[in-house]
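Quick setup: one chain, the form predicted alone, written in structure tokens, and binding and motion questions come after.
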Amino acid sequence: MQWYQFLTDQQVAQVHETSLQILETVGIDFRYPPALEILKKGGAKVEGERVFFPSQLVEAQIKKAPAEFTLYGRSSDVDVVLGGDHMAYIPGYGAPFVTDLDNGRRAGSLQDFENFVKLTQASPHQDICSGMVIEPNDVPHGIRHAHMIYAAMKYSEKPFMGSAMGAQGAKDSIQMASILFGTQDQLAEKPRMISILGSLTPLVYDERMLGAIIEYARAGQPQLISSLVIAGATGPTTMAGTLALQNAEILAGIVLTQLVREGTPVVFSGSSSNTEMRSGALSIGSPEMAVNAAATAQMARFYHLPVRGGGAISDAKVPDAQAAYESMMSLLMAQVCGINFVLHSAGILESYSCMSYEKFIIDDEICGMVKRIKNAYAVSADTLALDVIKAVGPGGHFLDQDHTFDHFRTEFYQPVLSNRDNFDTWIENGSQQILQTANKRLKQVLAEYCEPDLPADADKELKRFIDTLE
């Protein structure tokens, strides 16, 4: 299909050239000696922690990353292709709080994390398990990552996200994946996880992110190289300047991955937005966030790389009308501009601070609708339906036609939550509003959840590994 083009080709080239100038003349601080050594050996100019990137180095290295790659699940039915015109949905990431109608807003727990993995596994629309859908605050910080990875592997067959907690977190993630899926060489050949690692805007990469980037790249594991510039705070107020800064930071991270291991799969990951100038806070439910996703998609296509952006993102505090219109705006923009990796596609509230159970269910319905829009429809002699139109003729109806029965199940999206009854029927059925319907639905999904088989020997070894961390 045709993608929405927010920038002209000339403007894309201008952004690219500005980013190259930033990298070559301003530079980026890399606060991790091993990264400095790799970059210097690769041809970058290093002065203390400041790294300057010659344009030729940047353009040569980014060409080495693949335009498309596959994340493999525990069965081929849940494999995910990233790149091209493929789109994958991944629920919220990084929220310290969780909320639902029954218990209200509270700190997230490991049980909440496991519940969201189960909801992801049960969803026909979510494709990858989020690495930190909520913070399990009841687990010690140093071992949280291991418990989350274990939960993702135990309760879902889908690909998952590895830890971003520095070099050690990356090593632990790789080791745990190896226990279930084979050697590190086998993991490099058929990757099962992806991590999100990014800059500290403006123009810094810290030790934690760099350590993880290097370890994952050494193991050939895919990464989202990410930048989140806050226009007016950590970046220029102008969205064009914000895009150029975001672009430079992402390119620098990708260069590092390719110098560590040529061909390391990467996703060009831009999630920049604007400052709410009345408070100084990040706004993610703004149209600026949506148009940055569109511009980011164009920059990624310019580099022939898979792209991350969009999501069911909102600044709303509860799953209300604000949450709905902001979420649909960003999800639909992600679809029409060609985003491949849609993180935060279900459940997120409060500018990434809270996961809502009910919003997860509502957003999942929206994801189904957007996927239906992406699939468009077939145009053929059969679907143009000239014969049945002739047969019915003026004043007739199509309800009893074989053509209708042959096509309606595949032609129409069948919602789970949306109420399409007439008003009187809705009243007779209890006049439930969407949050009540979603609450009922999530309880049903969790009650009916079927845990996939995890080999007993792998389960035992994974638990033993976690015990060594404790």
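One-based numbering along the sequence shown. Nothing here was measured: the structure is a model prediction, and the numbers come from that model.
FYI, the form predicted together with a further copy of the same chain isn't displayed, but the following is about it.
Residue-level contacts in the predicted complex: of Val204, Val81, Ile143, Ile179, one residue has a heavy atom within 4.5 Å of a further copy of the same chain, and it is Val204. Interface residue among Pro159, Gly235, Pro222, Gly270 relative to a further copy of the same chain in the predicted complex, by the heavy atom within 4.5 Å criterion: Gly235. Only one listed stretch (169-177, 325-333, 130-138, 143-151) carries heavy atoms within 4.5 Å of a further copy of the same chain in the predicted complex, and that stretch is 325-333.
Proximity of Gly241 to a further copy of the same chain in the predicted complex falls within the 4.5 Å heavy atom cutoff. Heavy atoms of Ile22 reach within 4.5 Å of a further copy of the same chain in the predicted complex, making it an interface residue.
Within 4.5 Å of any heavy atom of a further copy of the same chain in the predicted complex lies no heavy atom of Glu428.
Looking at Ala385, you'd find a heavy atom of it within 4.5 angstroms of a further copy of the same chain in the predicted complex. Contact residues in stretch 315-331 (any heavy atom within 4.5 Å of a further copy of the same chain, taken in the predicted complex) are Asp315, Ala316, Lys317, Val318, Pro319, Asp320, Ala321, Gln322, Ala324, Tyr325, Glu326, Met328, Met329.
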